[in-house]
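There is one chain below, alone, in structure tokens, taken in the form predicted alone.
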């Protein structure tokens, strides 16, 4: 099951990072977006991130140019190239939107290709029901993709061993560290991380300590590189809330109840870095 041609659907923060790492390893990448403007913005971000690597001398200018030449811009999900060996969906966290994409491409892309979702919490088994369960898998990259080594490889209920092995080997070729995870709400990373963030928000809401002091405790006391509230701002409070709701609904356990302050901030559009304000303010 040799994988050479990759299609990445969605060129946002995660999608452009995924395209970046594949292109840098000399894979041919189709970057699929809904408009030319969004595709150009994604390619510009990839170029800027490659420039950072050139500046740090982790890659050469030649490496950068070759990586950019490996990326092909595609406008429209229905234009996803049929000969794609692997299609990775990397849009926002919405089950219906993801299912719609897989419904569309299932009739377009060759039958022996693998479908993968970069979802951070939505059931791989449910997403695979729209297309090809045995050849469907989760590839949950960490943000920022070019920097973070981990890839959670999530097996749906029907994911075949051959599919898992192919994606595991592919992840290693990207110089990533693959971890096998089975399909339960939140997988591993977010099942552990998000309740910690949620509890930090409860502590803030209850006036236990200030946002700065809560983050300081976790950085200096637990040796975390970033405090939980700063991390929540980085991830996006809307994303944090969506994942907490997946955990809460998936397990029907009150320990996953989203903090009311988190829900209030999302309603107020204070989503973190991307809106300029969350638990902290950003210029």
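No experiment lies behind these values; they were computed from the predicted model shown. Numbering follows the first chain given and starts at 1.
Keep in mind the form predicted together with a small molecule is missing from the figure; the text below concerns it.
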{"property": "Partner proximity in the predicted complex: residue 108 to the small molecule, non-hydrogen atom cutoff 4.5 Å", "result": "no"}
{"property": "Close approach of residue 120 to the small molecule in the predicted complex, 4.5 Å, heavy atom", "result": "yes"}
{"property": "4.5 Å heavy atom contact, residue 140 to the small molecule in the predicted complex", "result": "yes"}
{"property": "Residue 190: touches the small molecule in the predicted complex, heavy atom cutoff 4.5 angstroms", "result": "yes"}
{"property": "Output flag, 27, 87 and 125 jointly within 4.5 Å of the small molecule in the predicted complex, heavy atom basis", "result": "no"}
{"property": "Interface residue in the predicted complex among 167, 116, 201, 194, criterion: non-hydrogen atom within 4.5 angstroms of the small molecule", "result": "194"}
{"property": "Contact residue in the predicted complex, from 147, 177, 208, 97 (heavy atom within 4.5 Å of the small molecule)", "result": "147"}
{"property": "Partner-proximal stretch of 253-261, 234-242, 62-70, 210-218 relative to the small molecule in the predicted complex, 4.5 angstroms, heavy atom", "result": "234-242"}
